[in-house]
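Here we start with a single chain on its own, the form predicted on its own, put down as structure tokens.
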């Protein structure tokens, strides 16, 4: 079976279709799995993405970017390669890329994905394939996720318990913030404050029909006691924080599953919630695809590929795509 996708200096390329998935460098045709900055870079001539991803991609790339869209499940032939997008469950508009061509069999590139429920996007769709390309961001046994509804309940308890001070919750501005706002809406309708970096992503999500907790953009307010404030991690330690007076801080991230992370980073509270699959989620997904070959990208790719070979008997190897750690959607 011929390789349909190969490692190139530009990223994971499809020579038959003459495109690159989530290219690292500008290319003629870029196929984008989702709108986070480590997957969607400016400079390519044409972009192809899932329909709900397009407004977020447009805001990242600018008005002049040439973007074509496909609905989930819609098929497109590119130089004889049949391509379709399928829900990845990572964030709004995130997609797995399914490819089929000649004798190469069916290949699926997962992009970033998770298996836990998320009210802001469609759930992950299992696709049967011959070759599965999986991420490994949290692919170690220590990483396991709690029920997101329980995490939202813990955040609400922390917020309501801080009656005399502001509760500043740091999270990634695109994807994670909106997921938290959607989960909190299931438990309260009380409005919270947001940093300006979250305003446009929240507008895009709402325009797509995603229901979020009511939010207020921080302006000239003087009192924040008893209020919840969502902010990007980049705001921590900045002069922007001085307006809150007495406050507690928290961080929402899968990284907090590692013992001592909250203490070392100096947060008052930590909430373990991630938009990537945990270890068992990755293993479950690989088994459900029925694939005979696995390529492992990002994160703990070497450890996971070795485990798959030695413990599961699969043909697995790491794909050394050079990509900085995800700064937006952990």
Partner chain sequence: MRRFAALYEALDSTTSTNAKVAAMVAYFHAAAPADAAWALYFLSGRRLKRLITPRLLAVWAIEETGTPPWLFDESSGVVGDLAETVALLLDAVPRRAAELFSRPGRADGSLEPVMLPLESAGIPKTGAADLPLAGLIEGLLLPLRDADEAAKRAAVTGLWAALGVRETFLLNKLVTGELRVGVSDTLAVRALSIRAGLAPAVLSHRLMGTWTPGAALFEDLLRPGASETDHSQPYPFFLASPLQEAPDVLGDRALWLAEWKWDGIRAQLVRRQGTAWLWSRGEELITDRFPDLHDLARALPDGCVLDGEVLAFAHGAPLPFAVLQRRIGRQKLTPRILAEAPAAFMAYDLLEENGTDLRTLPLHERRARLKRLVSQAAQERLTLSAPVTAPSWEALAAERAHSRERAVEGLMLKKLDSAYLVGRKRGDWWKWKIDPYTIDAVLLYAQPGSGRRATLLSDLTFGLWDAGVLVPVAKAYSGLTDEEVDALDRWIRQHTVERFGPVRHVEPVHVFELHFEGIAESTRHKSGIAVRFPRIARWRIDKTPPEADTLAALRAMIRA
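Residue numbers count along the first chain shown, from 1. It should be emphasised that the depicted structure is a prediction, and the values quoted were computed from it without experimental measurement.
Although not depicted, the form predicted together with its partner chain is the subject of the following passage.
**Asked** In terms of non-hydrogen atoms within 4.5 angstroms, which of the given stretches 32-40, 272-280, 48-56, 62-70 touches its partner chain in the predicted bound form?
**Response** Of the stretches listed, the one contacting the partner is 272-280.
**Message:** What I'd like checked is whether 141, 264 and 310 together line its partner chain in the predicted bound form, meaning each has a non-hydrogen atom within 4.5 Å of it.
**Reply:** Checking in the predicted bound form: 141, 264 and 310 are all within 4.5 Å of its partner chain.
**Item:** Heavy atom within 4.5 Å of its partner chain in the predicted bound form - the one residue of 257, 115, 190, 101 that qualifies
**Value:** The residue from 257, 115, 190, 101 that makes the contact is 257.
**Asked** So, in the predicted bound form, is residue 306 in contact with its partner chain at a 4.5 angstroms heavy atom limit?
**Response** Yes, residue 306 lies within 4.5 Å of its partner chain in the predicted bound form.
**Message:** residue 28 versus its partner chain, in the predicted bound form: is there a non-hydrogen atom within 4.5 Å?
**Reply:** Judged by the heavy-atom cut-off of 4.5 Å, residue 28 is well away from its partner chain in the predicted bound form.
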